[in-house]
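As a starting point, one isolated chain is supplied in structure tokens, in the form predicted alone.
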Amino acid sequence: MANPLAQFEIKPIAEIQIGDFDASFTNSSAFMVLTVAAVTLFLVLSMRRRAIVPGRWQSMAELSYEFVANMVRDNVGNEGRRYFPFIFSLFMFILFGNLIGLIPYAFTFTSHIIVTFAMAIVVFLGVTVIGFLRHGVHFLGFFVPKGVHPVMWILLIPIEVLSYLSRPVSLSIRLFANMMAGHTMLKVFAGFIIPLGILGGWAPLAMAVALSGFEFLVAFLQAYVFTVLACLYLNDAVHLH
């Protein structure tokens, strides 16, 4: 039976060496490029023939836009509209990456901690910069709990700082762990279908089908959770709550 973790191996497609730095174009890189191309084609082609009564593809594009717009509005407020392009791009990139990874023999780049951490650190640094640009040094007041006696600041401020610094870690692990665990379980059950034959293979086949449907739900939920948390962090930086 094939190793269920083999699907996560990063393999070079075009080896590129710059000094001691390995800048090879890998299967992970290829599927990231494919994801960007897929999102671009989906949005461009869906809106190419704009109509008052939208067709199926235009409706899907408009629903995606409205879904993220409402997410930003509900979690950040009207001041979050200027950050909508980034939030929308982030959501669509993660969603399409998750969905493309469900295609047999495709590569799920969101199942790698280095990829999810890179996205999380971009969100973290961006939110921090926005906070300082909008509030200056007053942004540091975010780490001082309101209504707490100054004597307790010695204990609570380090806890608040540690909690803030852990955001990119928790954000990246949540997406990476869910995608990796789901694909591993799917591969394990699928690996039992042929060895067990016609009589015994129906059970792992049924489980693989059920897990495949569940993975579609997880693909959307993990994109949503990652994006809504980014909105909540953005709300803290904008409104200093």
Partner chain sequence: MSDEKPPLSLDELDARLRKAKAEQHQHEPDGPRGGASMSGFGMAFRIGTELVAALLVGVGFGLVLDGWLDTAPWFLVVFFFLGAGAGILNVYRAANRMGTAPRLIGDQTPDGDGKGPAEKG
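Quick caveat, the model's predicted, so the values are computed rather than measured. Residue numbers count along the first chain shown, from 1.
There is another form of this protein, the form predicted in complex with its partner chain, and it is not shown here; the text below is about that form.
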Is it the case that residue 114, even though its partner is missing from this view, gets within 4.5 Å of its partner chain in the model of the complex, heavy atoms only? no
Residue 85, heavy atom within 4.5 angstroms of its partner chain in the model of the complex: no
Consider residue 145 of the chain shown here, and say whether it contacts its partner chain in the model of the complex, taking contact as heavy atoms within 4.5 Å. yes
Residue 89 near its partner chain in the model of the complex, any heavy atom under 4.5 Å? no
In the model of the complex, which of 42 to 50, 187 to 195, 168 to 176, 55 to 63 comes within 4.5 Å of its partner chain (heavy atoms)? 168 to 176
For its partner chain, considered in the model of the complex: do all three of 162, 214 and 235 come within 4.5 Å of it, counting heavy atoms only? yes
Near its partner chain in the model of the complex, with a heavy atom at 4.5 Å or closer, the residues from 74 to 92 are 74, 75, 76, 77, 78, 79, 81
